[in-house]
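Single chain ahead, written as structure tokens, the form predicted on its own.
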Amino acid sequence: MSIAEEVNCLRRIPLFANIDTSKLKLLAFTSERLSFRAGDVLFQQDEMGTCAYILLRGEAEVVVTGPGGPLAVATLGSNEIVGEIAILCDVPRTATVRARTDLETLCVPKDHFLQMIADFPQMGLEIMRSLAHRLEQTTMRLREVLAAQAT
């Protein structure tokens, strides 16, 4: 995939929709392109994060391990971002993410991601929207699991 194709992928992500093309080119150029095979782990729950991942192609599964064992809480696809919580909050990863299918990603380093937010405050609003939506989805999934356990 060329830089131009990566920029087009980035532009389809609401977080980056209003960012100048030159900044997106710089982001794509300074990010590492990583490929994962189905079943490969992008990162483990509780490890410290150094980058966020933008999913270019394929699907990934988000798994949280708790007292009852691992629980799949979400499936992510192309043009989604994952791993940003750890770099935004300087906390360990909140979940394990593994490739459900063969997966192409851009690994955006923490310092570049934070600089983009500083340069484009609209990104902060989009991040809040994205995180609020994920929280809503995770809460719904948790209710379903708890209801199934109660029966």
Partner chain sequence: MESSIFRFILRHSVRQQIVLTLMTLASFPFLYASLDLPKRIVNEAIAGKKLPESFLGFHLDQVSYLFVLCGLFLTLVLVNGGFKYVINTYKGRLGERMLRRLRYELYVRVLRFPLPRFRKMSPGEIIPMITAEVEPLGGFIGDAIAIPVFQGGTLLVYIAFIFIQDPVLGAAAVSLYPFQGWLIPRLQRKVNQLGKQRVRAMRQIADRIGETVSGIQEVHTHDTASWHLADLSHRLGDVYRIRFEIYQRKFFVKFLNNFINQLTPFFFYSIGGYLVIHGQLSFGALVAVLAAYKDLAAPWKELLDWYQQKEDNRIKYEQVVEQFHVPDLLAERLLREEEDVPFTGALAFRNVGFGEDGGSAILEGVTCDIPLDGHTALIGVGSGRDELAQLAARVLLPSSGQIRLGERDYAELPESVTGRRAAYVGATPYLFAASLYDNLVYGLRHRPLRENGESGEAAARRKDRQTESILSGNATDDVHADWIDYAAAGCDGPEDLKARILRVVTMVSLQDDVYGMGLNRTVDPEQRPEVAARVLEAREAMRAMMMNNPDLGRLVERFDPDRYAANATLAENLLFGTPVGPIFQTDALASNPYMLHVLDKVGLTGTILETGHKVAETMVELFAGLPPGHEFFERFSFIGFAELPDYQAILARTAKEGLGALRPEERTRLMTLPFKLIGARHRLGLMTPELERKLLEARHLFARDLPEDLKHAVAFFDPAAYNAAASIQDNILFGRMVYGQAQVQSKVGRIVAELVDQLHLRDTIVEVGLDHPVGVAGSRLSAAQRQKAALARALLKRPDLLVLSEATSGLDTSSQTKVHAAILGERKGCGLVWVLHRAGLARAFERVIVMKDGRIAEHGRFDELNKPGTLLHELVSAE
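These figures come from a predicted structure and were not determined experimentally. Numbering follows the first chain given and starts at 1.
There is another form of the same protein, the form predicted in complex with its partner chain; it is not shown, and what comes next is about it.
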> Is it the case that 22, 25 and 35 all touch its partner chain in the predicted complex, with a non-hydrogen atom of each within 4.5 angstroms?
Replying inline: yes
> Looking at 62, 106, 82, 87, which is the one with a non-hydrogen atom within 4.5 Å of its partner chain in the predicted complex?
Replying inline: 106
> Considering its partner chain in the predicted complex, which of 122, 94, 115, 101 comes within 4.5 Å of it through any heavy atom?
Replying inline: 115
> Is residue 46 close to its partner chain in the predicted complex, meaning a heavy atom pair under 4.5 Å apart or at it?
Replying inline: no
> So, in the predicted complex, is residue 2 in contact with its partner chain at a 4.5 angstroms heavy atom limit?
Replying inline: yes
> At the 4.5 Å heavy atom threshold, is residue 30 in contact with its partner chain in the predicted complex?
Replying inline: yes
>> Only counting heavy atoms and a 4.5 Å limit, does any residue of 74-98 reach its partner chain in the predicted complex, and if so which ones?
In response: none
